[in-house]
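The data below hold one chain only, encoded as structure tokens and taken in the form predicted on its own.
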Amino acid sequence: MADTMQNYVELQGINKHFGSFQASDNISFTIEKGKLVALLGPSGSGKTTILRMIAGLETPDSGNIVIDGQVVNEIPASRRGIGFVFQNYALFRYMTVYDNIAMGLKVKKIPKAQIKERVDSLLELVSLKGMENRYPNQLSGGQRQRVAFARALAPNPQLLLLDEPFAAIDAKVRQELRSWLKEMIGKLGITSIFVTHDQDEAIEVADEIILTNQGHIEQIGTPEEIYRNPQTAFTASFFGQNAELPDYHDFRSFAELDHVDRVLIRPEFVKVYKQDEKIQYERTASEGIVESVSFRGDRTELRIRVNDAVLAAKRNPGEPAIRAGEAVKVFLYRIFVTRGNEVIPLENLALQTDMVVF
């Protein structure tokens, strides 16, 4: 039986300059066959340049790009067997849905009967059956993006590249397409790489995340690994809705560390209690004042001032309501401390002792 977990894409020491700007700085990683991988990072971090080099739309200054065991640096984009989905759809506006999907097959002079069979199967796959005679301006944004997916898949590529595929779509449809894309890629088993700057999108959709920053790779791992265990100061600050604590000694029961650069706290590390609620670990709770309350449907988001720090926290719908201006008690479970590029997670020492008060 073939090894379905073999590495299908590999970048080996890739460097790329645009004038004096280094867009890729010694980029190396591997992607297993059949995986859906996110290239994630802020604007200008180098993620789109990596995607374009894999596609053959840019050429690296040095290093090798390997696809299915073959170095493809000198192979033109048209011969790399890659499907590419652009963020602006790039559909031919005067062609029907059918003709847009069939375009690449017609260029390859595939027999008409085979084209029809392939296009019909793709229309079924992307849930556009019955819309083949419509034009792009007769479709919604989500439908147009599905046509773009189908067109990229038509030549049966072994690698699918997607450049911010949901950027031009409104929030509700974007959420639906995320789930649809993950399900579709899983069904097809096609190795796929998508670029995004949206951490929620990467966490929800990707099997693995490659986090880029200033032309280099910060961390590679599953969404859960990177979110829960950041390995660099940038990763810790990029993921989650971090607040920065000016002085974590204002909050009791954390280990003392020297030469601390930053202290970061996420909402899920904060537990908020009303004054009359029973408090676990009461001796390590701090007094705070609620500055703002925002209802989000499935949760309520709070901003709370404790001394010189403003923390974000969440309350579930079933918990007693908290109002702006209310005095509350705040317990921090965990913080991230950075020293240089090092990240040190610290748990509240009360969790490791018998300091429990009910």
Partner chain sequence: MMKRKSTKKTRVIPGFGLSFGITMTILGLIVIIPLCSLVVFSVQLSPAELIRTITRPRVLASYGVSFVTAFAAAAVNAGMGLILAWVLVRYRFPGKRIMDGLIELPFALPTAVAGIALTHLTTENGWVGSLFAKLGIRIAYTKTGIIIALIFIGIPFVVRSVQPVLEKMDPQYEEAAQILGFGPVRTYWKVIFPEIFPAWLSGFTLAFARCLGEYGSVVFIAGNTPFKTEIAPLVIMAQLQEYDYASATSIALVMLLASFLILLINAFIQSRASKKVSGIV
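Numbering follows the first chain given and starts at 1. Here the structure is a predicted model, which means the values were calculated and not measured. Superpose the two forms; the largest set of C-alphas matching within 1.5 Å is the rigid core.
Form predicted together with the partner chain: not shown, discussed below.
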property: Residue 90, heavy atom within 4.5 angstroms of the partner chain in the predicted complex; result: yes
property: is_contact(residue 138, the partner chain) in the predicted complex, heavy atom dist at most 4.5 Å; result: yes
property: Heavy atom of residue 306 within 4.5 Å of the partner chain in the predicted complex; result: no
property: Residue 155 within 4.5 Å of the partner chain in the predicted complex, heavy atoms; result: yes
property: 82, 86 and 94 all contacting the partner chain in the predicted complex, non-hydrogen atom within 4.5 Å; result: yes
property: The unique member of 259, 283, 228, 106 whose heavy atoms fall within 4.5 Å of the partner chain in the predicted complex; result: 106
property: Proximity to the partner chain in the predicted complex, single hit among 179, 241, 78, 114 (heavy atom within 4.5 Å); result: 78
property: Contact stretch among 121 to 129, 265 to 273, 202 to 210, 106 to 114 - heavy atom within 4.5 Å of the partner chain in the predicted complex; result: 106 to 114
property: Core-aligned C-alpha movement of residue 96 between this form and the one not shown, 2 Å or more; result: yes
